[in-house]
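In the form predicted on its own, a lone chain appears below as structure tokens.
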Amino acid sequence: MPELPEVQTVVSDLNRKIKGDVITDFWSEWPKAINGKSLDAFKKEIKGRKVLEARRIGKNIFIDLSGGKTLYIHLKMTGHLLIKQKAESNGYFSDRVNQYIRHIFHIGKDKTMEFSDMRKFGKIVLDDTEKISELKEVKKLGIDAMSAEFTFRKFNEILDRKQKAVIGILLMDQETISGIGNIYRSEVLYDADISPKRKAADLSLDDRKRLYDSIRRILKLAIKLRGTSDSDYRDTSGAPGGFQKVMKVYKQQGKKCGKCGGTIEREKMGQRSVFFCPGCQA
């Protein structure tokens, strides 16, 4: 599933590529993804609206439109958005053929925003901008891991409130801290030299500060490298991210630790695999 760095890459691309453009049409082969509206009603309501700005909370994409409407998109497990430009010579899209395109937003005279979703888990919602934050799935989101409000003081408060929580599970709890998934959980904890098995109550103040700094550092690096293409993720040009080239532990089980020479291990935690070095991560 695309995590915070991948979604931030998409949002930045959307602001660069389609901000200020008008949605002229919409097509879907999987209307079940459109929550709360029929395909015809959605299509009618979205046509003619200008893209004002794209933004993000955690792994969730919000595209604010003219007329006080917001498009909420969740890419889920295998989704990604592609921005395509019609080739000037023949009027056809000349690049990035994708057999899993489920929805197409026609934008301006010569662009499309195409929602590729192999497993059909993605979600599309259109609602009033002032009401979008009241949607159940949005309202329950925790603080965004890269927001200005996510300070060390705020992180400390979360750990004090969740003292019994296992840190490897807490970091993945989207209702507590929004944006960190399976890839970055492992990489952050390794960077901080903290075992995923430790409880929040057992972390010293120094441990907490180190972990907070690692969250910000690893996520910033992943954003700079345009995310991780471990499996399905692609950016809006169809290109892979680059963070997988610098990963230290994720899916590295059996390999030598770059710090101590020990062996990277894999265990199940919170129904997902966590990767760590038992020698470095105390």
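Everything numeric here is computed off the predicted structure, so don't read it as measured data. The first residue of the sequence shown is number 1, and the count goes up from there.
The same protein also has a form predicted in complex with the DNA, omitted here; what follows describes it.
Novice: Though the DNA is not shown, can you say which of S12, S273, T24, T263 has a heavy atom within 4.5 Å of it in the predicted complex?
Specialist: Exactly one listed residue reaches within 4.5 Å, namely S273.
Novice: The DNA isn't shown here, but in the predicted complex which of K109, K140, K131, R153 has a heavy atom within 4.5 Å of it?
Specialist: Exactly one residue meets the criterion: K140.
Novice: When you measure heavy atoms, are K76, K120 and Q174 every one within 4.5 angstroms of the DNA in the predicted complex?
Specialist: Checking in the predicted complex: K76, K120 and Q174 are all within 4.5 Å of the DNA.
Novice: Though only this chain appears here, would K32 touch the DNA in the predicted complex if you measure heavy atom gaps against 4.5 Å?
Specialist: Looking in the predicted complex, residue contacts with the DNA include K32, since a heavy atom lies within 4.5 Å.
Novice: R56: heavy atom within 4.5 Å of the DNA in the predicted complex?
Specialist: No.
Novice: Check whether R16 has any heavy atom within 4.5 Å of a heavy atom of the DNA in the predicted complex, and answer yes or no.
Specialist: Heavy-atom contact with the DNA at 4.5 Å: absent for R16.
Novice: Under a 4.5 Å heavy atom criterion, is Y250 part of the interface with the DNA in the predicted complex?
Specialist: Judged by the heavy-atom cut-off of 4.5 Å, Y250 is in contact with the DNA in the predicted complex.
Novice: Work out which of the listed stretches, 142-150, 189-197, 112-120, 206-214, brings a heavy atom within 4.5 angstroms of the DNA in the predicted complex.
Specialist: Flagged stretch: 112-120.
Novice: What residues in 1-28 sit within 4.5 Å of the DNA in the predicted complex, counting heavy atoms only?
Specialist: Read in sequence order, the residues that approach the DNA (within 4.5 Å, in the predicted complex) are M1, E3.
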